[in-house]
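One chain comes next, on its own, written out as structure tokens in the form predicted alone.
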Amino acid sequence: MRTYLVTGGAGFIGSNYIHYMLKTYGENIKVINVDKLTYAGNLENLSEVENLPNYQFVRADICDRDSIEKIFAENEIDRVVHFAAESHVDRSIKEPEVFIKTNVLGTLVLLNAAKKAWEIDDGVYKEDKKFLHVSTDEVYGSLENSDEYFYETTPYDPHSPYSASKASSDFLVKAYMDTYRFPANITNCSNNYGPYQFPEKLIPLVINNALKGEKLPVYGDGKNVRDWLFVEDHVRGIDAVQEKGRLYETYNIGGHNEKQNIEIIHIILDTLLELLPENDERRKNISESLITYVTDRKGHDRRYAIAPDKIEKEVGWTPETKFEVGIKKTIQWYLEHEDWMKNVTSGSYQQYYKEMYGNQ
């Protein structure tokens, strides 16, 4: 039985990954989920698997060396899939220190713990071990021309504290691969969407606000472009890299779904009206008049777009979910999980939301 250590597994992408892996491989694998349970970590995301004998949750901070080394000492870890990170650009602008600590120091602690547990001799490691570091396309900066794309060879040019922290963690992993021949891969993905996403992100924020008839904040002119990747496609790509990716390589995982932010909002409003029953009282709340343009985010990148040519050629992965299909699945999930949304948007989230958008 192969044992996977998943960091940040109670978060959005991490929990989707755990569901996918346990559904795909069943009792052939064990998953150990390590999560600090910050505001975006939610064990409700994993209620369906929490009682499985091959699933284990450990509450720990990836920056806590003793806790992480203890997990390696008590388990024969075969794979590390490293999702844990502070991930929202707006928060990074307000609290950059938190992002540097978690995203850089936390990654270093994990690398050292895995290296200590796996290394047999100088540069020689136990068989079938791999560390996969999950990163973002934001490390590449901004694309100015519509015919340009991010490739694995694109120079890094981060513009926010968040993307700078992720770029730093990427370079740490690369340094361990180059210096110690540490068995690892790096993946850089485009914007994810789907079930369990915390509503500070654009798509769930718009769904939540529109249903309540609240303002839909749009940065700048709303024409910033992102490449959208359905989370199920992403986690399938991560597994494919784990199984078939060449060691020491970086793979970009993109969705071929470029949309302006303002387009996304209009699509969500139209889809909500399509999916909600005619007698649903919330229909009267949904209106384009809710769209509210706010002061643009500092250092706001104009366009991201990934060319996933390498992962398709070497690993055989391609995105399967068209945006018009994925967004319906996503909205339907949120409509069916109103209690989940109410739980995660209570308390500290309300204060954060007011700080971000309340004075616009």
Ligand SMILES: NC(=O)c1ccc[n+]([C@@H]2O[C@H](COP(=O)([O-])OP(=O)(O)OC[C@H]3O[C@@H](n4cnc5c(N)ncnc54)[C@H](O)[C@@H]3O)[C@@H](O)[C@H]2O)c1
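Throughout, we count residues from 1 along the sequence that is shown. Since we're looking at a predicted model, the values are computed, not measured.
The same protein has a further form, the form predicted together with this ligand, not shown here; the description that follows concerns it.
Q: Among the candidate residues 242, 209, 154, 102, which is the single one with a non-hydrogen atom no more than 4.5 Å from this ligand in the predicted complex?
A: Among 242, 209, 154, 102, a heavy atom within 4.5 Å of this ligand in the predicted complex occurs only for 102.
Q: Give me the residue from 250, 191, 224, 92 that has a heavy atom within 4.5 Å of this ligand in the predicted complex.
A: Looking at the other structure, the residue within range turns out to be 191.
Q: Using heavy atoms only and a 4.5 Å cut-off, decide whether all three of 14, 36 and 162 touch this ligand in the predicted complex.
A: The answer is yes: all three residues contact the partner (heavy atom, 4.5 Å cut-off).
Q: Indicate whether residue 136 is a 4.5 Å heavy atom neighbour of this ligand in the predicted complex.
A: Yes.
Q: I'd like to check something about residue 140: if you look in the predicted complex, is any of its heavy atoms closer than or equal to 4.5 Å to a heavy atom of this ligand?
A: Taking the distances in the predicted complex, the answer for residue 140 is no, it never comes within 4.5 Å of this ligand.
Q: Looking at the partner-bound form in the predicted complex, is residue 126 within 4.5 Å of this ligand by any heavy atom?
A: The answer is no: residue 126 has no heavy atom within 4.5 Å of this ligand.
Q: Are any of the heavy atoms in residue 18 no more than 4.5 Å from a heavy atom of this ligand in the predicted complex?
A: Contact with this ligand, no.
Q: Heavy atoms within 4.5 Å of this ligand in the predicted complex: which stretch in 278-286, 193-201, 209-217, 242-250 meets that?
A: Among the listed stretches, the partner-contacting one is 193-201.
Q: Can you name the residues of 83-98 that have a heavy atom within 4.5 Å of this ligand in the predicted complex?
A: Heavy-atom contacts to this ligand in the predicted complex: 83, 84, 85, 86, 87.
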